[in-house]
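We begin with a single chain expressed as structure tokens, specifically the form predicted alone.
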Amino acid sequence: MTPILEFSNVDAFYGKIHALQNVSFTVKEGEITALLGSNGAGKSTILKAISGLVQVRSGTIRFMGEVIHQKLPHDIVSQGIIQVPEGRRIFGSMTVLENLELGGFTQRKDHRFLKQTLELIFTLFPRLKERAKQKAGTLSGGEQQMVAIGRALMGKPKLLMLDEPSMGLAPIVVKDIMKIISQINQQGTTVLLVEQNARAALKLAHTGYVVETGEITLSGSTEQLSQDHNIIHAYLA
């Protein structure tokens, strides 16, 4: 499969802190790619660099063959790269429906798409349909994560980036969320998944990269990584 995203020799900084060091990886179109690693390893920084929220000092980021790391965040979103941030970041004082509609801002002229996508989201997440008029801040953590994913889908992502979707959720809810991510991928959306829950990520993804202190230290198919002694010892034991 062709790469939809190419990260080539990227260095990025937070002030004087060297957050990403010569990072290179690819995301193949139609696949789920997982970035694994402990808290603070640099996984979220990679997503922020793709979204234009962290400045790239050297190297290139290409999306569908086009260099994007010098673009503004809203232009990157308009190209179809949409991120579900860590901690969900939904608007708690707005209703579920208002949060979802806000996610469709870049597609606001395509009324047919927005209507069809809203129906799809309510099919994927029946609880959101039941709670459409409820304030999003009153929902459970799992339901808020559903709102965050649904809001991203309203933007018509070509690449959906998920930052720690299982964080703070009960195991049974994590299982549901991962199942939904798989369904979204099967319907044609490429997914880049940042996840501390290595066991869940390796079951879900096709390809994985291990990030440690801002560097890629291991990569391969998730089947290969699941059998790697270092991965088993560090993340699966």
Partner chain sequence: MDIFLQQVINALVVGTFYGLIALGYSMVYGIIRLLNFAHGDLFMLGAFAGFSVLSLFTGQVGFIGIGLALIVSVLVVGLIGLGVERIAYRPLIKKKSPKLNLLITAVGVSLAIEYAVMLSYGPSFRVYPIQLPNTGFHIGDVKITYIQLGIILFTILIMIFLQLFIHKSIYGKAMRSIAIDDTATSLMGIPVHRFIGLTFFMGSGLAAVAGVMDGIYYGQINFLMGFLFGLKAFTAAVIGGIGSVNGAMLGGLVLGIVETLGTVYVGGEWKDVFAFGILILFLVLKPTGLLGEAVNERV
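Numbering follows the first chain given and starts at 1. Since the structure is predicted, the reported quantities are computational estimates derived from the model, not experimental observations.
What comes next is about the form predicted in complex with its partner chain, which does not appear here.
The contact residue chosen from Glu119, Glu101, Glu130, Asp110 relative to its partner chain in the model of the complex is Glu101, the criterion being a non-hydrogen atom within 4.5 angstroms. Think of it this way: in the model of the complex, its partner chain has a heavy atom of just one of Gly137, Gly141, Pro126, Pro73 within 4.5 Å, and the residue is Pro73. Listed stretches are 60-68, 46-54, 191-199, 31-39; the contact stretch with its partner chain in the model of the complex is 46-54, by a heavy atom cutoff of 4.5 Å.
Although the partner is absent from this view, Pro85 contacts its partner chain in the model of the complex, with a non-hydrogen atom inside 4.5 angstroms.
Among residues of the shown chain, Met167 is not one whose heavy atoms approach its partner chain to within 4.5 Å in the model of the complex. A residue is said to contact a partner when one of its heavy atoms sits within 4.5 Å of a partner heavy atom; Val77 meets this definition for its partner chain in the model of the complex. Though the partner is left out of this view, Arg89 does reach within 4.5 Å of its partner chain in the model of the complex, counting heavy atoms only.
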